[in-house]
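Quick setup: one chain, the form predicted alone, written in structure tokens, and binding and motion questions come after.
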């Protein structure tokens, strides 16, 4: 589960991670009222500039016009009006973009240097890994490709946990001024505490800025939580913004289906996340383009298959469906029966290819062939991918 920047910064405050002061607005009228009443915009201690930032669950907002710098208080409502309701298209939103529903206004910082700092779950090492770079404010993927020597990874031994020497290693690599060492070491400690205590899967500060008066501030914040652990944190669960999620993904979650919308036109229905990834790769290898990731889980009952079909067919871009099931705990003839019953109820109007393999796969394939439904049956994975790609391209 992802949250907005302003929500992440509020959580950061609870753990002592320094962030700029700011206010959230959802209308231009709110912005006008706050400009006239909030201490952030009045008095001798007010900042010299303010950042007006679109709140969406995607990076690249600045390049898309979602971040404005106001040099006077009077400019702020106008910038809010420009951003609210705008469709931002970034490298993370896809071509359809994301509509801005909220805007965060925060005090500007007198920036001397920008850095990158994050913590992620490294599933290869099965540890939390800290990532730091001297190239803050840039896409870390771009830095990793062009200048990998400017990135440092440090895995945290779960038995040892965080020790100050880890922070000092990162500090030395980044080349921060000596007088900021204690600040930085404590900041890394607090970041890891937040990560572990709130069951995060990714926490990113980009940029982490050094101000001209030698203060470290998290100028941006991006946080993702482990979906399987959110139930342990009711306050965090309440931060979920359904307006930022795909409608089909929300519907799928009601039935415990793991669904992710993609840009292609061949829908995938698979039991198992690893098999789903392989299925999408093979569809691409066969010359097609997957329209979704959909894992129906180990059961693949008639009910789950039927709901999966309904969700898939709700996407107007879907021109064909490839069902790829490996029968392990659940036997293939039971899965075939569920597919037949679901297909009869849902009335599928696009080409459907089913590949069954595993326990009683032969019996399951015979059931599909004799069902009287327009179902193409495959035995091998690439065979099934080729069939659905040809059916979609041929309009069969």
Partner chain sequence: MSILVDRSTRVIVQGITGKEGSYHAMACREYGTKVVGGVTPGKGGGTHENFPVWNSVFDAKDAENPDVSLIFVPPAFAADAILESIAAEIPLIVCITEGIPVLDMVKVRRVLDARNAEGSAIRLIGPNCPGIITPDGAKIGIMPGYIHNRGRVGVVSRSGTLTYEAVWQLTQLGLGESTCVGIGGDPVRGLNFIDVLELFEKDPETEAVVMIGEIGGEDEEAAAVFAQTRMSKPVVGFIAGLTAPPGRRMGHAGAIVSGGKGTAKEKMAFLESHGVAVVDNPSLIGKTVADVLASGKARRPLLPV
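Superpose the two forms; the largest set of C-alphas matching within 1.5 Å is the rigid core. These numbers come from a predicted model, not from an experiment. Residue numbers count along the first chain shown, from 1.
One more form of this protein exists, namely the form predicted together with its partner chain; it is left out here, but the text below deals with it.
The three marked residues, 275, 281 and 381, each reach its partner chain in the predicted complex, with a heavy atom inside 4.5 Å. Listed stretches are 45-53, 27-35, 355-363, 62-70; the contact stretch with its partner chain in the predicted complex is 355-363, by a heavy atom cutoff of 4.5 Å.
Although the partner is absent here, residue 128 lies within 4.5 Å of its partner chain in the predicted complex, judged by heavy atoms. Interface membership of residue 327, defined by any non-hydrogen atom within 4.5 Å of its partner chain in the predicted complex, is confirmed.
A residue is said to contact a partner when one of its heavy atoms sits within 4.5 Å of a partner heavy atom; residue 87 fails this definition for its partner chain in the predicted complex, lying far away. In the predicted complex, residue 147 stays away from its partner chain, with no heavy atom inside 4.5 Å.
Just one of 111, 318, 229, 217 comes within 4.5 Å of its partner chain in the predicted complex, counting any heavy atom, and that one is 229. This chain is drawn without its partner chain; in the predicted complex, the residue among 195, 104, 79, 116 with a heavy atom within 4.5 Å of it is 195. In the predicted complex, the residues of 120-145 lying within 4.5 Å of its partner chain by at least one heavy atom are, in order, 121, 123, 124, 126, 127, 128, 141. Put the two forms on the same core and the Cα of residue 362 is off by 2 Å or more between the shown form and the other one. With the core held fixed, residue 378 shows a CA shift of 2 Å or greater between the shown form and the other one. With the core held fixed, residue 103 shows a CA shift below 2 Å between the shown form and the other one.
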